[in-house]
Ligand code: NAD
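In the block that follows, a single chain appears as structure tokens, in the form predicted alone.
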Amino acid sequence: MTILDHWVNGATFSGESSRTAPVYNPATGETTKEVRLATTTDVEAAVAAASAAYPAWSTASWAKRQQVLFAFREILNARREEVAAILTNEHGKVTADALGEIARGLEVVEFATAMPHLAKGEYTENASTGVDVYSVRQPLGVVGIISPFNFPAMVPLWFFPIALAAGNAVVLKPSEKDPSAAVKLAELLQEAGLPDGVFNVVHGDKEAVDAILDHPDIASISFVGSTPIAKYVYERGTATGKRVQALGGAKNHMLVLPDADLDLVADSAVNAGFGSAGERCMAISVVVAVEPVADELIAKIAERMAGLKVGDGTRSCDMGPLITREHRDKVAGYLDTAEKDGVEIVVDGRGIEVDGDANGFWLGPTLLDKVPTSSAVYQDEIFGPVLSVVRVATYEEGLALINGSRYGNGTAIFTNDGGAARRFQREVTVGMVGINVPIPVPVGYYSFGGWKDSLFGDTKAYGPDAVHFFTRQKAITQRWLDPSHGGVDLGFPRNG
């Protein structure tokens, strides 16, 4: 069995650990390789390599760092199908979805190539007589990135291009469930001319995560994952003096007003609910239907679901498997809960016919109606292809439902009433809002992140927030004295 090693100082690195974890092809259930799980000592080796490479990289010219990122952008774009195949084989998402993931990651690379402009400081001449004040933005040092299984390429690409452009060195710990894309990205960075040691990959589980969180030479942590782990990462990372941006879970609602185009709503609900098998933090998992539209809307959604083809992502399919057998079983268990809670299962994804190996981790698209808000089906982030419908009588009731959620990642409203849409975007307590757009992930030059238990820390991912997160400002006050200076004066300095 092939063992996937770490990537440290520009080469594969086995480290001292003998522990490994299986990596599956979710469409077949087969173990395709083992991934090595880092010890604390292995993490220390990666941080040491990054620390050694940091001084030269951080003092390299902006032009030099830009050249590497421009080259990386071209190489990744040219090799996107190769990377997409890795995503499909280890995550299970269909090829089109995998290519879309890379395209959204490339947006951030392109944004990062403008770093010399984005990180410019300010200058004030003669702030006081003969005194000038200016600011510069400088890199942090070695930064840590801990990324989730659902976007093995895109989420690392949210962070490391900007971190590298700013002059930092990086230690990335990808999910051990689908780790190969991270190593491929490291190889492409090397091909683009990135010096050895500036970008390192360590695989692992909680031991590796804790080692990164605790390491005194790591200046910041960027994390995406479930809310309980995000909170843990934030609290443990900040306790050791690190900057932390920890993006957590979600329960995203789509509010449908009676005047909405129900065909557009049905298409959007299916796309946003079942793309990537629902394993997206921005997936729509709850449709909040303002009566009297629920019956008609449910019929339209069910009609479209009947045409979905579930199967191996390498074939012509709409939706692939879930990431592991354990996760598939956990998501399917919510359907048992739904039955106990009196939920109407309109479309049941259990036992679906698939275009793929029977041993794959399959669960078909599922549609639930009349879901009580007291049910775990409504309360929990299921992270699978389960779409719930909650019926409400008014806009106000729907808004209160959304604002009452512990999560505040993404939401959407579907309506043809501009006044209602404007009111919603102002009143809803959610960080990313779509108006007739089901998955409102901002483009690369804005920033991504939610509110409430969907984000710990006050800095979002990529965009302008990331420029500030991966740099720190230094303000300089300078005066060049001429021969006629006034001599010693022990009074408190004043502006004059």
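Numbers for residues come from their place in the sequence shown, where the first is 1. Since this is a predicted model, take the numbers as computed values, not measurements.
Quick note: we don't show the form predicted in complex with the ligand, though the next part is all about it.
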Within 4.5 Å of the ligand in the predicted bound form by heavy atoms, the stretch out of 111 to 119, 262 to 270, 206 to 214, 160 to 168 is 206 to 214
Hey, in the predicted bound form, does His253 get a heavy atom within 4.5 angstroms of the ligand?
-> no
Contact flag, Phe361 vs the ligand in the predicted bound form, heavy atom cut 4.5 Å = no
Can any non-hydrogen atom of Phe469 be found within 4.5 angstroms of the ligand in the predicted bound form?
-> no
Using 4.5 Å between non-hydrogen atoms, is Phe72 touching the ligand in the predicted bound form?
-> no
Using heavy atoms only and a 4.5 Å cut-off, determine which of Gly248, Pro365, Pro179, Gly237 is in contact with the ligand in the predicted bound form.
-> Gly248
Looking at Ala338, Val198, Met319, Ile146, which has any heavy atom no more than 4.5 Å from the ligand in the predicted bound form?
-> Ile146
In the predicted bound form: members of 376 to 400 within 4.5 Å of the ligand, any heavy atom = Glu381, Phe383
